[in-house]
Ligand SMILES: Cc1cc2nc3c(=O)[nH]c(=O)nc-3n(C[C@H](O)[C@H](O)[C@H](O)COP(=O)(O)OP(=O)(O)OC[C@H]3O[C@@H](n4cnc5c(N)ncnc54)[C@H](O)[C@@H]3O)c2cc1C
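Given as structure tokens, the chain that follows is alone and in the form predicted on its own.
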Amino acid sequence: MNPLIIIGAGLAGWTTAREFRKLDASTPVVLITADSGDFYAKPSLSNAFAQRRTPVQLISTPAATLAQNLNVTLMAHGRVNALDVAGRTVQFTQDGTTHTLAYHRLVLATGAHPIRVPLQGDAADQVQSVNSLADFSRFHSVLNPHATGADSSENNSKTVVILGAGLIGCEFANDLALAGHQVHVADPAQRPLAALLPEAASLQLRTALAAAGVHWHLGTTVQAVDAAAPSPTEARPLRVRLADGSTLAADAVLSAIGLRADTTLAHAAGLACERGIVVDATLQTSTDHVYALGDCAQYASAGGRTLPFVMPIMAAARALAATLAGTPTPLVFALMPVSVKTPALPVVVAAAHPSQAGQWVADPGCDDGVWRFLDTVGTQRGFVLTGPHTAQRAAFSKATAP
């Protein structure tokens, strides 16, 4: 039998392999990944600096161990060049040699790419994004250039400018501030997490992060990043120019303005793609025997949305594994609140569907820490909890209609 091939070794890829092995111990499984395949928790990338964790320390399970435990043939550092969905083959290059491998079924878990906006300046190419362990390693080396070994406690304060006050931008801002760095955040919106939170909750977060040392530059954007001229009074190597005319000296610039599903392979193979790779309720793409999940997928079960969060990936992997093992299983998403990792003000948000009509309503008895999203007939369709009220997550989840 030709193998089940999984492309991608992130949470989606490895979890699909693990869940499939619970149901099918004999079908060959091949996992192809452009990186080493070592497993790490991606959410830990945005809270590792305060914990003094190095890139090596973020790896929870080496790829070789996972491959052995799950009886998976791992093709690490393999670059997939093309998919032939009619002939049911995958072409990839590994160690300079190109291979063509036939599949019985194919799973695309190719993830997403950071969105980058064009910037002016002769140092625009030094702007970084963190969406993988390799990205984190590069960013870590900028902030800790002399760190050695797996356990370095070096903490020379640096100045970091972050583009974007969304979820990842706020998490990195809080983490870097806790680690002792000077943090500036620029965003065209007037408040952080403006797309997710009601205004009052967003303002709470802005105040809490400011108290933690974050400097806000809201209602403006970064226009240019230039190399700084040598100066005896300023050692920071970058000059960041904002649209409002102000200039910031920085050691590093981090872009955190969102993710875009990686549909490159799927699109080239003729699969239907919109905001992500379009999949039906069983996670099948527009072509038989080809499936997708994770950050690259656009889920019919979620009303055509992409869901780049841990809980949706876990639910999708379990449903897909059952389908691949011979029991077609439609994916049904339960309510999946998201915890925002901002210790300055913990936040839990369960957002209503973007097309849902309604409004945010503050709970008058909860000291400005609870908001409910009510539809036009007063049914609760979402909620936001901040501070100590995040402990009520389970109760509010039960009270929220799908």
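These numbers were taken from a predicted model, which means no experiment stands behind them. Just count from 1 along the sequence shown to find any residue number.
Although not depicted, the form predicted together with this ligand is the subject of the following passage.
Residue (of Leu242, Ala281, Val310, Leu203) lying close to this ligand in the model of the complex, criterion heavy atoms within 4.5 Å: Checking each option against this ligand in the model of the complex, the one that comes within 4.5 Å is Val310.
Contact assignment for this ligand in the model of the complex, among Arg275, His289, Arg138, Arg79, heavy atom within 4.5 Å: Partner contact (heavy atom, 4.5 Å) among the options: Arg79.
Contact flag, Leu66 vs this ligand in the model of the complex, heavy atom cut 4.5 Å: No - in the model of the complex, heavy atoms of Leu66 and this ligand never come within 4.5 Å of each other.
Contact test in the model of the complex: Glu171 vs this ligand, heavy atoms, 4.5 Å: Output for Glu171 is yes: heavy atoms within 4.5 Å of this ligand.
Non-hydrogen atom contact Gly111 with this ligand in the model of the complex at 4.5 angstroms: Yes, contact at 4.5 Å.
This ligand contact in the model of the complex: Asn131, any heavy atom under 4.5 Å: Asn131: contacts this ligand in the model of the complex.
Stretch from 289-297, 213-221, 175-183, 318-326 whose residues place a heavy atom within 4.5 Å of this ligand in the model of the complex: Residues of 289-297 come within 4.5 Å of the partner.
Contact check for Ala9, Asp35 and Pro43 against this ligand in the model of the complex, heavy atom at 4.5 Å: Checking in the model of the complex: Ala9, Asp35 and Pro43 are all within 4.5 Å of this ligand.
Contact set, 331-347 vs this ligand in the model of the complex - heavy atom within 4.5 angstroms: Result: Ser339, Lys341.
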